[in-house]
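A single chain comes next, written as structure tokens; it is the form predicted on its own.
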């Protein structure tokens, strides 16, 4: 069927109606202001960082000790420029200087200073990620090698992006940490807020549906499975009904805890004591002592045949 061009004549009027909402609904458009951080540039930064953190596994083949320094140096130089620009944009917006792109304060210089602090943490971060790879290999009998973890495990991908975003979060950089974590969320199904604090040797097995909130504290050698939620029990409000921000809303998970699939643990005062095991599908809103095992009572299966008789 051919296009009816008479219907297309309606499109200019539709365009005017849409553009008219840009005045009445100005809170959801960004017009006439300095540029925000670029989503595409932030994703490109993550790709370059992955090359640095796990060289030889992704884009560039044939790397060895005689040429890797040159390759990484080129990536670091590119990251410096990209991050300086994007962090500067984020800092400008946070400061409210969105309409004057030529303010006295040099936000790109501030972005460069933050960028250097971030890049300086990458050697230390590689040491931490090595413990996460080891935790996945040691914690999954189906895993054949650490290389398989780096190539294939969505949990490691989500944790890697979280640890990068967390460094930026600690440097008080707006927007970009959440942009990173939500990109990883979309790829892996694992939602880790960059504000969470997570220790070494962290392993997320399978991973889909995991949620870890902003004020969650997780110790070392912790293992969690798919569908686990470490969330808030409720949200405090002030006298005018506005959310109170900055409180600890999410649980603390101490060292060597295992949390099985679909468990839900809520509340800022909830502490799961070290060396505990949390069974599947439990709902926890109060603290658990160390060395505890928490399980649901064994459910009773009821099977009926085609005639409806119980077996």
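This is a predicted model, so every value here is computed, not measured. Positions refer to the first chain, counted from 1.
Quick note: we don't show the form predicted together with a further copy of the same chain, though the next part is all about it.
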Original post:
Does any heavy atom of residue 158 come within 4.5 Å of a heavy atom of a further copy of the same chain in the predicted complex?
Top reply: no
Original post:
Heavy atom to heavy atom, is residue 141 within 4.5 Å of a further copy of the same chain in the predicted complex?
Top reply: yes
Original post:
Does any heavy atom of residue 179 come within 4.5 Å of a heavy atom of a further copy of the same chain in the predicted complex?
Top reply: yes
Original post:
Given that the partner is absent here, does residue 198 sit within 4.5 Å of a further copy of the same chain in the predicted complex, heavy atoms only?
Top reply: no
**OP:** At a 4.5 angstroms cut-off on non-hydrogen atoms, which residues of 210 to 227 are near a further copy of the same chain in the predicted complex? List them in order.
**Re:** 211, 214, 223, 225, 226, 227
